[in-house]
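Quick setup: one chain, the form predicted alone, written in C-alpha cells, and binding and motion questions come after.
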C-alpha cells in the first residue's frame, strides 16, 4: 500500500468532535480538491453551502433527526446538486432548458464525486467527517431554511471537525462480493458471499457491545418499507425532471 491508500483505509465516520472551528482556509483548500474530481463534460453541477449561522445549525439538528453533531462539529456543509447555473446560462442565451432525468442524475453523481474528493482532502489534514443523509428527511423545510433557488437540490450534509473519538473500523463487504469478472454472479454465489460477511459483521457488533445481527438481516429490514417518500415530489418542485 501507498500513503494515499492507507489514508483511505483509515476513514471512519466521526460523530463526536472537539469545539475547534475548522478554518476557512482548510475548507477552501478542501473544496478546491473536491473540484478536481471528475465531472461529466465539465458540467460541474454541484455547490456546497457552509452553514455558519448557529441558529440555522440548531434548526438543522431538528430537521436531520435530532443529530446534535450537526451543531457541535467544527463546520457543517450542505452538499447540493446544482443545475442553477446551467438554467441561467440557457435563459441568458435565449434557449429552453430541457434537461430531464439525466441532468438530475448527473447533478447527484457530480455532487457525490466532489464531496468524496473533499472528504479525502479534509481527512488528509487530520479532520474527521460524517455524511448526514438526514438532510433529506424534511427537504421542503431545509430548502426554505437555506433559501435555495430552483435547480439547487440538497443531497446530503457533511459534518467536519477535529475528532473527539477513535471508532473501530466497520467491516465492509469482501472484495470478491463487489468485484466480478465479465458478468454479475448468480444468486447462490451472491448469497454465499453474504453468509461470509454476516459472520464478520456479527463479530464487529459483539466487539463494540451491540446486539449481534446479520448484516443481510439488517438490510432486509431496512428496505421493506419506503423512507423519505416525499423526495420525488420535492425534487420535481425544484425543477428536476424525473422522466
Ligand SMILES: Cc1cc2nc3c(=O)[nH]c(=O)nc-3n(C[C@H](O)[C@H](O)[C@H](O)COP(=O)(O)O)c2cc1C
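Residue numbers count along the first chain shown, from 1. This is a predicted model, so every value here is computed, not measured.
Beyond what is shown, the protein has a form predicted together with this ligand; the following relates to that form.
This ligand in the predicted complex is approached by residue 133, whose closest heavy atom lies within 4.5 angstroms of it. Taking the partner from the other structure, this ligand in the predicted complex has no heavy atom within 4.5 Å of any heavy atom of residue 16. In the predicted complex, this ligand sits within 4.5 Å of a heavy atom of residue 172. In the predicted complex, this ligand lies farther than 4.5 Å from every heavy atom of residue 104. Checking 125-133, 71-79, 139-147, 85-93 against this ligand in the predicted complex, the stretch whose residues place heavy atoms within 4.5 Å of it is 125-133. For the marked spot (44, 97 and 238), a heavy atom within 4.5 Å of this ligand in the predicted complex is absent from each of the three residues. Residues from 51-68 that approach this ligand in the predicted complex with a non-hydrogen atom within 4.5 Å are limited to 67.
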